[in-house]
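Take a look at this single chain, the form predicted alone, given in structure tokens.
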């Protein structure tokens, strides 16, 4: 197998949470372009169907839209079962669904705190718990957890987000150790600022946008394809000896 062939995902099946828009959508397209069939989940089935149709038409791969809430264990089990029923396997799980609350710690409600942790941390646990038995049985798997630069460094008015993304990094390392002998790699991607719906309030606020850009040595936000290529790498055989790693895709933010 050539070096370039090791990046191909032909015959693989990926399940991506929060795959209808933003980083999830770009990763779904990237994996499909590399040859994988893909299942994407969203709480909004209409959005999911539209994205699935667009990616399928663009790549020629099958994209299965599924409705589900990552904080609801029944939804998690149902979407995993539907993916297995349609494709017969799940080789790649990308825990991408996430949320954020931008508020000072003393102004933050317990409800907002809990909601962010439920989506960003517990949702990843529920999906891994549902998918891992299948991967262990097949002695193959790739789990990619979407953390953040704010899982590595702090940032004001982001208490639940930084806590959840930092927790996800250590959960990634723990799973990497637990399942290393089962042919399963578990890694995290830590994006800096990208133009996604979650970050749109920052992008549309000139002062906030410039404050972010001023902290990025490369002087710009990331482009979506720059994130998708990292996901393809971690999902493929090209990364077969990498597990427990956190790949920073941040234009140099955390190098300072």
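In this text, all values refer to a predicted model and were calculated from it rather than measured experimentally. Residue numbers count along the first chain shown, from 1.
Unshown form predicted in complex with ligand NAD; subsequent notes refer to it.
Heavy atoms within 4.5 Å of ligand NAD in the model of the complex are found in exactly one of 78-86, 173-181, 143-151, 130-138, that being 143-151. For the options 203, 61, 43, 215, the one in contact with ligand NAD in the model of the complex, meaning a heavy atom within 4.5 Å, is 43.
Proximity of residue 194 to ligand NAD in the model of the complex falls within the 4.5 Å heavy atom cutoff.
Interface residue remark: residue 98 is counted as part of the site for ligand NAD in the model of the complex, having a heavy atom within 4.5 Å.
In the model of the complex, ligand NAD lies farther than 4.5 Å from every heavy atom of residue 126. Mapping the unseen interface onto this chain, residue 158 falls outside it, with no heavy atom inside 4.5 Å of ligand NAD in the model of the complex.
Residues 18, 165 and 199 are all found to lie within 4.5 Å of ligand NAD in the model of the complex, as judged by heavy atom distances.
Shown here without ligand NAD, the chain has 68, 69, 70, 71 in 59-73 lying with a heavy atom within 4.5 Å of that partner in the model of the complex.
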